[in-house]
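Below you will find one chain, with nothing else, as structure tokens; this is the form predicted on its own, and questions on how it binds or moves follow later.
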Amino acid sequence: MTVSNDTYPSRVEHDAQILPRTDPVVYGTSGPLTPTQLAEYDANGYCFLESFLSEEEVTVLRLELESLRTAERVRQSEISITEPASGAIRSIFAVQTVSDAFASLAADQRILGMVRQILGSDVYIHQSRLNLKPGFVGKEFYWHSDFETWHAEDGMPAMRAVSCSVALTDNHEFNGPLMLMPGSHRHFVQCAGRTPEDHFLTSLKKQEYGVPSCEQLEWLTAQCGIAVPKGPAGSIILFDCNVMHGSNSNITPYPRSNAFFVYNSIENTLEEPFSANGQRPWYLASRAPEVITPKDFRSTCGNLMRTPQYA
């Protein structure tokens, strides 16, 4: 369906346009981000924090990732998405529902403080996932704005969500790191074509609807350029829901994996999809929002490191 009073119409039949953003980028003021960092986020649409997590924390998360990747119950679950050709696991969604470690990370008070500062409210997890891009076979994620999909297919009303990408492996310029267009979050890129029925069944492997045209990407690149934040495992990127981003395939021996949490304002809960005929499954878009209570992930790591599975 298409809503007549839609502020950000997309999946249009006519020529897709680039519209100005009408929502704020930063909603709050005080918090752990410095005024400089907050201004950087407002201007560029993202903030890169190198070596945010300790080596011990990264070790726990890598072991947990490997445990989930090899667990048959996870592979056979609907939350697991595999590569179309190799069959390797591409993404594991709703990771906080199957892992205490990643649930604790999602609620970490350090991350939560920054997110609530940006959004100016309490938050809940709209979506979470582990993205695995193994050496040689990890495929690309094409250029896209997350908000376009979350708005069109999930009914997210406004651009009041923050994504947090936690690097679980070193991010080099050559192993398919996240690429962003600084300042692109100020533009809403309409996409052409009607959303197919059960689009998520194919889009999670390779997205063909809800992606910008080459002409739109050429214009955005000329206006904004492309940035590639690189750093060691444990670095994080906080980025606006509407920033244009993507990543290349990984043809190197070096894997690139990250944990990805989407924090939505509790004042921005989902409505009916704006440009789709049905709701996506629970593991892609939460319709039972629960305000996150802050936790100390460092304490959780210490407990996990003392258990036999991490010996």
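All residue numbers are counted from 1 along the displayed sequence. Predicted, not measured: the structure shown is a model, and the values here were computed from it.
Below, we turn to the form predicted in complex with another copy of the chain, even though it does not appear here.
For the candidate set Ala158, Ala192, Ala88, Val228, a heavy atom within 4.5 Å of another copy of the chain in the model of the complex is found for exactly one residue, namely Val228. For the options Phe188, Phe141, Phe93, Phe239, the residue carrying a heavy atom within 4.5 angstroms of another copy of the chain in the model of the complex is Phe141. Although the partner is absent here, Ser257 is not a contact residue: none of its heavy atoms lies within 4.5 angstroms of another copy of the chain in the model of the complex. For the chain shown alone, Phe174 is a contact residue for another copy of the chain in the model of the complex, at least one non-hydrogen atom being within 4.5 angstroms. Within 4.5 Å of any heavy atom of another copy of the chain in the model of the complex lies no heavy atom of Leu63. For the chain shown alone, Thr82 is not a contact residue for another copy of the chain in the model of the complex, no non-hydrogen atom being within 4.5 angstroms. Heavy atoms of every residue among Glu218, Thr221 and Asn248 are located within 4.5 Å of another copy of the chain in the model of the complex. Residue heavy atoms within 4.5 Å of another copy of the chain in the model of the complex occur in exactly one stretch of 147 to 155, 163 to 171, 118 to 126, 210 to 218, and that stretch is 210 to 218.
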